[in-house]
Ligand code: 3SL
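So this first bit is one chain, no partners, the form predicted alone, shown in structure tokens.
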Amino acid sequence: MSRPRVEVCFTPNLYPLHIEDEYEIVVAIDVLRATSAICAAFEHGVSKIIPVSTLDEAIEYRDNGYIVAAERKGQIVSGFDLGNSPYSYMDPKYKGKTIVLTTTNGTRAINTAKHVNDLIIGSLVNLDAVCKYLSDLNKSVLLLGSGWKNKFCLEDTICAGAIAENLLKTGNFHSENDSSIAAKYLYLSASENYFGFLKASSHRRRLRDLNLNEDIKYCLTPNQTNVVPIREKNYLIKA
């Protein structure tokens, strides 16, 4: 039996070029900050997260009484109580709750892969847990970076490279695409000092300019949780 593949897709707009290869699992990655915030939410007791792509959808949920988080360009959208800071979801008042979430990049990436049966949420904060989960499943995996408005970004690619390298090292997976090789070597270059390597990255600069340095530190610190969020129907839950 042939070994399953693990490959990297840099941005959601490149996703259609990969789906013809029939991956069984897609891992959505938005290190700064959506998938990191989702992991933090489940680590601290949130029950479900409903990811939506547009503000119109978010407003409709809000008008129907849901707790709704909305972020655009790194900031909380006016009229909403939450954005996508991981620390927001650590508040005990959200324990056991369902939260609707829309972000500039992360939720769009999640919903880009809406037709795949198995979608999971990956980030640096749950890196080892995701790698173990994927290794145990032993199925073909596409690692989907959220990017920034469909443009390449370093932090998502580095995280994807970390996951790919960990799976390839088991000997049970193989890779064929140059995007996966590039992601792997970016990860190997950055792995000793994520903060230093990403110091000049575009999205880290955006968040730093918004005084969100604590968020950056949280999101770039690996293995703070063993939570692996997965999609069930139209919402995310803890596996």
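Everything numeric here is computed off the predicted structure, so don't read it as measured data. Throughout, we count residues from 1 along the sequence that is shown.
Keep in mind that the form predicted together with the named molecule is not shown, yet the notes after this line are about it.
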Problem set entry | Residue stretch of 31-39, 47-55, 178-186, 60-68 approaching the named molecule in the predicted complex, non-hydrogen atom distance within 4.5 Å | 31-39
For this session: Consider residue 148 of the chain shown here, and say whether it contacts the named molecule in the predicted complex, taking contact as heavy atoms within 4.5 Å.
Result: yes
Exercise. Any chance residue 161 has a heavy atom within 4.5 Å of the named molecule in the predicted complex?
Worked result: no
Problem set entry | Contact test in the predicted complex: residue 104 vs the named molecule, heavy atoms, 4.5 Å | yes
Exercise. Taking heavy atoms only, is residue 126 within 4.5 angstroms of the named molecule in the predicted complex?
Worked result: no
Exercise. Thinking of 74, 84 and 207 as one candidate spot, does the named molecule come within 4.5 Å of a heavy atom in every one of them in the predicted complex?
Worked result: yes
